[in-house]
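Let's start with one chain on its own, the form predicted alone, as structure tokens.
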């Protein structure tokens, strides 16, 4: 009952009253009998009154809920799950592994309401292959895991690449290698996800900075996966997965849904259907097996021709790689939005981050910008890197005096990607890899040393 006393004391300090908490206790302990309920309510009241009586220096904030609005409290995993549901996902498979389990839990809790199939697979190998099968059979599908579980999914990822099967994968990072720190946070899987699987095929990686970005980027992940018939990753970490943010609402008018799958009526007038037909865009018609009328939908994990049958000749191989990879990539790059610039528009100091470092870097910019021309450049659409026609972020970085890349890993993985893809090298890196997120205090201390 110690937690009950502590909660009562916290409510006393905040002057929030006990009625709502009494109702929570009654609901939580209804199966344990009236005596347990009575004792817990007594403990809550004891903690409440003790705090009110013995904490004269504790100001009662009186944060009563305004009558005119109700706010949404949401964490990263629920935002990803909600984004998947709103994007038309009808199948989710996964094996429980923190911090990705919250997505599995959320999808399961909404399965009946939204007519979803949610499967707890026997392992991550089964999970990704189930999702690929569901996508091939005609529904939007998703799977998720942490780094160790994703390691088992890698062969399945190549299968999706070869068969051009749309799939969304949530890769929720935690410190490794092996089991690492199961309940801690890190951003150390970027290079793994970027280069995982054998062979060459396109992929997209998003790293949201807050739950709102997670919601919309999950929607965009489904759109790009279906449009270009590729795997798309929502990559995050334990910190964002479990961090709760407050919002007025998410604007559902910005949700994108285009059905790219073809059924019998959509194929009328097409004499010969070829699942992997060559095209200048690399995109072939995506028909659903069993719903294509007179047409046969063929797919094979070996290299294949336009109809989907196994081949061995070099000419077809070259054409298929060009179709799957080289024709699609330029179009995919045009879909990637530039990084967010927050702070001074002509900064001398630029703090670069991705994913969950968004909040802490933004707050640091707010606290030191009075003394310095400083800005944050935050990447949430990480790979492919955005083209520079909308915003030449490399030019801005080259004009700055200090460019400091801030990452939760030991080797500066995003800095490596930037140098490999653009040739730009950051002047400094601030790296944290103890399993804990950055705090305002320790980040400011390290920044001032460079400044």
Partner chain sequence: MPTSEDYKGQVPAWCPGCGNFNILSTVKEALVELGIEPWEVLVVSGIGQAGKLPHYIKCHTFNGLHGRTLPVATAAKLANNSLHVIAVAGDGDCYGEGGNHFLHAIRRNPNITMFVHNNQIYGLTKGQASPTTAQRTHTKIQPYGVLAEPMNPLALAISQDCSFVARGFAGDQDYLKELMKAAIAHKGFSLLDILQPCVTFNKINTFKWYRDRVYKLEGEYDPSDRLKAFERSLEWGDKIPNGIFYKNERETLEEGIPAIQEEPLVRQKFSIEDVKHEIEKFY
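Positions refer to the first chain, counted from 1. Predicted, not measured: the structure shown is a model, and the values here were computed from it.
In what follows, reference is made to the form predicted in complex with the partner chain, a form of this protein that is not presented.
Undergrad: So, 97, 169 and 268: all three within 4.5 Å of the partner chain in the predicted bound form by heavy atoms, or not?
TA: No, the candidate spot makes no contact with the partner chain.
Undergrad: With the partner chain left out of view, choose which of 315, 371, 113, 200 has a non-hydrogen atom within 4.5 angstroms of it in the predicted bound form.
TA: Checked against the cut-off, the match is 113.
Undergrad: With the partner chain left out of view, which of 126, 188, 332, 286 would have a heavy atom within 4.5 Å of it in the predicted bound form?
TA: Filtering the options by heavy-atom distance leaves 126.
Undergrad: Quick check for you: of 340 to 348, 242 to 250, 353 to 361, 373 to 381, which stretch puts a non-hydrogen atom within 4.5 Å of the partner chain in the predicted bound form?
TA: Answer to the contact question: 242 to 250.
Undergrad: If you check in the predicted bound form, is residue 195 within 4.5 Å of the partner chain, heavy atoms only?
TA: So residue 195 does not count as contacting the partner chain.
Undergrad: With the partner left out of view, is residue 322 within 4.5 angstroms of the partner chain in the predicted bound form by any non-hydrogen atom?
TA: No, residue 322 is distant from the partner.
Undergrad: Answer with yes or no whether residue 105 is in contact with the partner chain in the predicted bound form, where contact means some heavy atom within 4.5 Å.
TA: Residue 105: no contact with the partner chain in the predicted bound form.
Undergrad: Is there a heavy atom of residue 279 no more than 4.5 Å from a heavy atom of the partner chain in the predicted bound form?
TA: Heavy-atom contact with the partner chain at 4.5 Å: absent for residue 279.
Undergrad: Residue by residue through 267 to 293, which ones have a non-hydrogen atom no more than 4.5 angstroms from the partner chain in the predicted bound form?
TA: Residues within 4.5 Å: 288, 289, 290, 291, 293.
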